[in-house]
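This document starts with one chain, in the form predicted on its own, laid out as structure tokens.
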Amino acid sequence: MARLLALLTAVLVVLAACGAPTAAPAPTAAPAPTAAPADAGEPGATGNGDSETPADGVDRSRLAAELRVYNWTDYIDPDLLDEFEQEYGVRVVLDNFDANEDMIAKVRAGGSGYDIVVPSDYAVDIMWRDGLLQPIDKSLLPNLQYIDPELLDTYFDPGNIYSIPYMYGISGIAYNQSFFPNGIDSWAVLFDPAQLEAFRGQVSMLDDERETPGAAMRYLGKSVNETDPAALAEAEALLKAQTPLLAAYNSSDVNRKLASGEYVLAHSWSGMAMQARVGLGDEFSGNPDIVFVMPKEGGVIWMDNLAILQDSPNAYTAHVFIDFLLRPEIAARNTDYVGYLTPNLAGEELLSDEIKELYAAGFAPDEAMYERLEWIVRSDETSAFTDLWTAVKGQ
């Protein structure tokens, strides 16, 4: 974790050097609540007129009948949604997205109907600046005590005014070792046409305007946040040459296609690769030949977060759900299911031996790997990646 803290600190230094603020300004549209958010009058509230709060601190009379969550695909154990409903009488409606930009566009349009969203680090930065998130009332989150302090007060949300850590992970290469008996150690396997040609149509890259150009930048020996026009042009040319050899840009079911053998090689998030290896509950079986590696040139580290939308009418219920996910035993079960990395220190101790062993085998960063990892950050210049991505996908 010391390496992780060092990486976060390095990002703060870079942002400060660029003149970016290092602290979230006090919210103006929605001041930080001093009392528990009231869900009074929300449609379907389960209020029974009983103001007595039970031992767990949750006032059932203030809970909504339904909570709507907008999350990444395959990113929560569905059994936990049923358990939450059984415990609190709140039905959780779950919809999925596969890219931060798609989620933000839907929310920004207004009237999405969602209460909780799960933005990645730089996306949290974008959303609070645009007034899309409401402040978190930490007094309603007693289980926040279990989150690793090194993952709090980050560069993208100083003070955790608007977000709470959910999962984190790394972006690298997942592959079927039966096709690569000598292993893989470089992004060259994905960006050198001579190497990639042998696997034409059996390879995917993440459908993400920051991740995939970022991988190209690392292969070129540059930062994932590089916005120099010459570097952007070089990355664009590299990606355009790669595109005809791909099966798809895919951020939704890479896990399933790797597990089935349809893909033999993929740009992948670590947890997605873990799911391909061990399976995903009753959804599909895993493939023991799937391996995950961080290329020698380096890659991305990221963190996804729980946030409450500014226009959510169910803020109190949303806090109760977030605190439910922060329980160590719930966090551990959720992590065992999705295969990413939990920021919950107490939950980490409760993980299955199988997951711990695969973490040690490369599905999680060790001290040496941290030296090759970089955070994606937002700046006024990073809109250039949108133009790059549009050019690549529109060719």
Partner chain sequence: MVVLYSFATPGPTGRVEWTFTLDNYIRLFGETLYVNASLRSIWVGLLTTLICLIIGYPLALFIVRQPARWRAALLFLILIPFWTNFLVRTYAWMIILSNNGVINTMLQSIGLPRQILYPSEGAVLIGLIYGELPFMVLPLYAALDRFDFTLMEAASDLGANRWRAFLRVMLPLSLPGIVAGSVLVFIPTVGQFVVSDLLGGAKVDYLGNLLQRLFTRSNPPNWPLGSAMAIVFMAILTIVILLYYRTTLEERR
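Numbering follows the first chain given and starts at 1. Treat the numbers as computed from the prediction; the structure is a model and nothing was measured.
Although not depicted, the form predicted together with its partner chain is the subject of the following passage.
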Would Glu101 count as touching its partner chain in the predicted complex under a 4.5 Å heavy atom rule? yes
Its partner chain contact at Leu140 in the predicted complex, heavy atom, 4.5 Å: no
Does Lys296 reach its partner chain in the predicted complex, with heavy atoms at most 4.5 Å apart? no
Does Leu190 reach its partner chain in the predicted complex if we count a contact as any heavy atom within 4.5 Å? no
Listed residue that, although its partner chain is not shown, lies within 4.5 Å of it in the predicted complex (heavy atoms), from Asp323, Asp289, Asp77, Glu209: Glu209
Under a 4.5 angstroms heavy atom criterion, identify the one residue in Leu196, Leu238, Ala231, Ala248 near its partner chain in the predicted complex. Ala248
Triplet Gly201, Ser260 and Ala391 all within 4.5 Å of its partner chain in the predicted complex via a heavy atom: yes
Of these, 239 to 247, 149 to 157, 166 to 174, 220 to 228, which stretch puts a heavy atom within 4.5 angstroms of its partner chain in the predicted complex? 239 to 247
Enumerate the residues of 119 to 138 that have a non-hydrogen atom within 4.5 Å of its partner chain in the predicted complex, in sequence order, or give none. Tyr122, Ile126, Asp130
